[in-house]
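Next up: a single chain in structure tokens, the form predicted alone.
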Amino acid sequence: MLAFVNFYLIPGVIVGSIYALGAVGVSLIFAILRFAHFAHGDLMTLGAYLALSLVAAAGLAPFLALPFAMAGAIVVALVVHRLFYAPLANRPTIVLLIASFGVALMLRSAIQLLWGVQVETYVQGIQRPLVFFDDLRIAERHIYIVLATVVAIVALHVFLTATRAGKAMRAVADQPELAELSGIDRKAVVRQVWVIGGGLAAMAGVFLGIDGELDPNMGWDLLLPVFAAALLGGIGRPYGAIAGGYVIGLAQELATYPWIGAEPLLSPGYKSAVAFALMVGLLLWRPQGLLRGREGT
């Protein structure tokens, strides 16, 4: 039983936390700007590499470098919006979607140019896990990842439900025309969305690097399960995206458990296929998602 917890359940929660953080940004951007942001994965990668620079230059622990990485990713997200997305705001959605592909390529190329194409790590060597009850093993970094994710989710909930800016964001997401007629500054709301989306994307990227390795394609490779999580929870619904992230993460890990016999039910190499299968199945069965998100623009 403890082997199941150590090697399948805990990794599923960690992966789900990373997916949830990325999916919230995707969901919020879709809710306010009405387009799928395909550069979001590379924004995660950028956050991870910004933290790497601080770890290498200043000797900071990755978790201490996280706020600076988030700040850098937020600045880049705001600049990208101002230069590439804002001028296309009145164009068809497909134009913004294609523009986001271009932004993704630019961000990835910039990362490769600045940091190289080799695989990097935050910490060298083997990190021994903490041992509880003789057999329960939990890596210290996993505890921090889960705690930080919980803090981020609680902070987002407080922002959306208890602040004027958060209520304005929800109003724009639900009824954009009515929100503008009531005096809400939509441009300010858009900026706040990029602040939240960029910050959470950087957090997801740093956590992905802490839990494994860094390479310039790491965020792009994460894009499918992140979008699957957003769709599963209901696109445009941040709370649904959080739930969807954990469902996808746990499903990917638990699918490799030997439920029948001694062999894994699914080869670990096919984990991404689980996210894809869940996404396609949901689109066929319930296109609006579990929490009834938006079906289209």
Partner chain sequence: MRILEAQGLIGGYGAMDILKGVDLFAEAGRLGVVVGPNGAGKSTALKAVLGMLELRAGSITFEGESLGGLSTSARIARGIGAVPQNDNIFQGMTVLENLEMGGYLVESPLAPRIERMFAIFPPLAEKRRQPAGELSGGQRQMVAMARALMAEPRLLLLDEPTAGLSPAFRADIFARIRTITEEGVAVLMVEQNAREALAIADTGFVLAAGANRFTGSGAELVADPDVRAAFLGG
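Numbering follows the first chain given and starts at 1. Remember, it's a predicted structure, so these values are computed and weren't measured experimentally.
Keep in mind that the form predicted in complex with the partner chain is not shown, yet the notes after this line are about it.
| When the partner chain is placed as it is in the predicted bound form, which of 177 to 185, 71 to 79, 203 to 211, 140 to 148 ends up with heavy atoms within 4.5 Å of it? | Among the candidates, contact is made by 177 to 185.
| Partner contact for residue 161 in the predicted bound form: the partner chain, 4.5 angstroms, heavy atom | Yes, residue 161 is a contact residue.
| request: Evaluate residue 218 for contact with the partner chain in the predicted bound form, applying a 4.5 angstroms cut-off between non-hydrogen atoms, and reply yes or no. | output: Flag for residue 218 set to no.
| query | Looking in the predicted bound form, any heavy atom of residue 167 within 4.5 Å of the partner chain? | reply | It does: once the partner chain is placed as it appears in the predicted bound form, residue 167 has a heavy atom within 4.5 Å of it.
| field | residue 153: touches the partner chain in the predicted bound form, heavy atom cutoff 4.5 angstroms | value | Flag for residue 153 set to no.
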